[in-house]
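Listed next as structure tokens: two forms of one protein chain, kept apart as structure 1 and structure 2.
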Structure 1
């Protein structure tokens, strides 16, 4: 019996060949299994390439032209508007690759600078939301009892107030700008993350390894950092990947309403808002930033879907 190979041993005990091959396969860790399934998703990989291209262009795109995104040339635009050929020259051409707006500003530089600010706001807001949500959810789920009741009722009250009321109040008090809009996006954006993390903590805190850590007088903060949060990373990463496009869309919506970034800063939402006003005469001013934000949102959503499918244990093969 000791000299039998694995295959012969499995056949000896009655296991079929398929089962033997499955058992004989090298076991993968959870992280490697997630990475393997994620990178086998072709749609997610294409989305990563598209997102990487947009990020790179938001960094180097404004430097690829000699025109500054803030520089206006109203006199030149007024002169071109006097003739039909001049109006046609305002569109995309060899000098201005995306054309110019009605103030003579180069749209190539403005689109990529706007993409940069939209990405900065989206990623920063999502990270801040995740940090606050994870901390609040851990505390609420781990301690339970009155701590959980008080925190969750506070979350319910905050969630019951319409989102735009927070935003309008913040913009009136602090004015428009990068930090006010970041504060507006993170003020209530962490609520859903807190609920998700709390649910995971409630399911994990009675596991044997958590009870053993408690019996060894391990501090609650250490238990949360070393045991609970790492076991929630799957749902945290997926939620974070979904929060980024939501934050970008919220910023675009606020800028579209005119309460987003203030001049001379710009964003994709602000460019779309400007393009709608000139849609009949100069449709490229609307189409180009709309196409960029559509590709950005689509790639982020597909990456989030790929991560969700990869970390879901029900989808393992």
Structure 2
């Protein structure tokens, strides 16, 4: 060892400036970063599985049984009601997996068809609300001044009365049904989205890239579509995911009041409100749809929470 010189022991490798600046970690786009955070959230993942299961069942569930969701069989119910064992046979059994309702309709088919309509209303209402809210919020935030004052005052005025009161009035005027519910929910549900998007646009519109786009004479509409909306996408998606359970809840609430969907259509809310009336003698008619709506709402809520944490980790505590 002793006869080795310093030069032999150490070798000068020099500095590779290009290598030094290289980023070893793969670069993640904002969307992929959000996705990575979201998928590392175990609670949210389980919720996705539960939601997927409910969605799949709402599609294939009614076909798994040979009974139709709206065919009544009053005669057989009346016959069974006559005896003690017959009354028990109304409940879940191997023929009717969730039992039958008081009109003899198969509850398994009804629950999944009801889930289908609840989901349809939830998603459709949330998407339309989001579109209206984003448009209004963009216009209000981008143009500012009088436009902003007028729109925001209108939003304030509408917002100080719970939207369900407006929804109830609209439903009374339009009568019950699928389209009236959708209309009533979308007419009143866009307020919070508009306010949220406006706030975000106000923060974004003084950024340099917006100034650059404006100096290039880009039209306001394309600035909004190309720059502003993509940069608000995070909060838009989070708010959208929260709007879905809200819409489902509102529909269920309306059904409870008796102004939701009208027969033969059914929804989870309507099944529950029928179930409440039969609760004393046939508790399964209340418990089964209640369990499904609770699972559905829980999973949607937890997915929404997960998305919010993923989009803005600072909020997480």
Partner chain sequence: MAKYIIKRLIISLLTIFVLCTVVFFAIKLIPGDPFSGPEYTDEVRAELNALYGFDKPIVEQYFVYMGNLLRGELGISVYYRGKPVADIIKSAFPQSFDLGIRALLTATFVGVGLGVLAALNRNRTLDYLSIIIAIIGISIPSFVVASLLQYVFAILFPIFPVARYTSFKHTILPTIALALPTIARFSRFMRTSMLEVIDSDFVKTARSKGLKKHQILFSHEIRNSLLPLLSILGPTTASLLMGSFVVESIFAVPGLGNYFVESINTQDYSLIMGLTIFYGIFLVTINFVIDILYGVVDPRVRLGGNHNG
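Numbering follows the first chain given and starts at 1. For clarity, a rigid core is taken as the largest C-alpha set superposing within 1.5 Å between two forms. Every value quoted in this text rests on a predicted model; they were computed, and no experiment measured them.
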Matching structure (the form predicted alone), either 1 or 2: 1
After fitting the core, residue 171 CA displacement of 2 Å or more between structure 1 and structure 2: yes
